[in-house]
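A single chain, nothing else alongside it, follows as structure tokens in the form predicted alone.
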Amino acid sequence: MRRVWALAARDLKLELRGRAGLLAAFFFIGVVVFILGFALGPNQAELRRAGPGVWWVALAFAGSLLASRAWALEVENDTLDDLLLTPGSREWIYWGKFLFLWALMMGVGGVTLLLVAGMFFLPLTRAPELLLTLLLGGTGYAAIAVFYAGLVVRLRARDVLLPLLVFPLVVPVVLGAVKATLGVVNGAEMAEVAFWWRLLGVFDVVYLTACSLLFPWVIEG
């Protein structure tokens, strides 16, 4: 467990120092949110209906940029082989990279929520429910994205292949997150919103378990 925290902390320190991935993600999110905001406006009711979808679509695309950064740091610093030569099983590498991407997704997702709430009239009075949805949706997305980012890390076309591999598998997570967010924003019955939260929780457990078990074969293949 100590190696997992150390790897995630090192990657976060390098990313915050360089800021290349974060700046690209925030720039992309800003462009998407502002273009869709002006294209769909100015009707407040229509903007509020579109807000949950805009939040999660922007976050999903930005997440693929951040996932590639999880492994690009190893390629740029030529430390991938050193990481793989560390004694012991390889699962801890997956969990370290997952924790790195998860932390970035939570931070970027929170900032994006504020931006989308401002332009699409999402009620921040329901912030606890919205943040719970971000926690569940971001976990499932990060579990899949960091796994496939490791799969293509040695390929030259990894930046092109990663979204093509990730997006088909994260569709259930993004769809469930949009439905839960829409229910929270529209003031739906808590039982209806809780159904989507439970579904996201199941996806998280399945994706994290499958990816951590398959990762040693993938990274050494």
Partner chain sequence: MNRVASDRGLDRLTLGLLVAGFGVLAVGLYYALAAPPDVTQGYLVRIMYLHVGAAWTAYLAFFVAMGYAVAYLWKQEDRYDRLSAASAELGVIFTALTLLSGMLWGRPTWGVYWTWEPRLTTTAILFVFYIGYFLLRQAIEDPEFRAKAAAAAAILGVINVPISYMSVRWWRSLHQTQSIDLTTGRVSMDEAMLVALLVNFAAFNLLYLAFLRFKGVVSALEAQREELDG
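The structure displayed is predicted, hence computed values, not measured ones. Numbering follows the first chain given and starts at 1.
The protein also exists as the form predicted in complex with its partner chain; that form is not presented, and the subsequent description refers to it.
S.K.: Thinking of its partner chain in the model of the complex, which stretch from 183-191, 47-55, 158-166, 65-73 has heavy atoms inside 4.5 Å of it?
M.R.: Stretch 158-166 is the one.
S.K.: I'd like to know whether Val152 contacts its partner chain in the model of the complex, with contact meaning heavy atoms within 4.5 angstroms.
M.R.: Yes, contact at 4.5 Å.
S.K.: Can Trp5 be called a contact residue for its partner chain in the model of the complex at 4.5 Å between heavy atoms?
M.R.: Although its partner chain is absent here, Trp5 would stay clear of it in the model of the complex, with no heavy atoms inside 4.5 Å.
S.K.: In the model of the complex, is there a heavy atom of its partner chain that lies within 4.5 Å of any heavy atom of Phe26, even though the partner is absent here?
M.R.: No, Phe26 sits far enough from its partner chain in the model of the complex that none of its heavy atoms falls within 4.5 Å.
S.K.: Would you please decide whether Val171 lies within 4.5 angstroms of its partner chain in the model of the complex, comparing each non-hydrogen atom pair?
M.R.: Flag for Val171 set to yes.
S.K.: Thinking of Phe100, Ala103 and Val108 as the candidate spot, does its partner chain come within 4.5 Å of a heavy atom on all of them in the model of the complex?
M.R.: No, the candidate spot makes no contact with its partner chain.
S.K.: Select from 204-218 the residues with a non-hydrogen atom within 4.5 Å of its partner chain in the model of the complex and write them out in sequence order.
M.R.: Stretch hits, in order: Val206, Tyr207, Ala210, Cys211, Leu214, Trp217, Val218.
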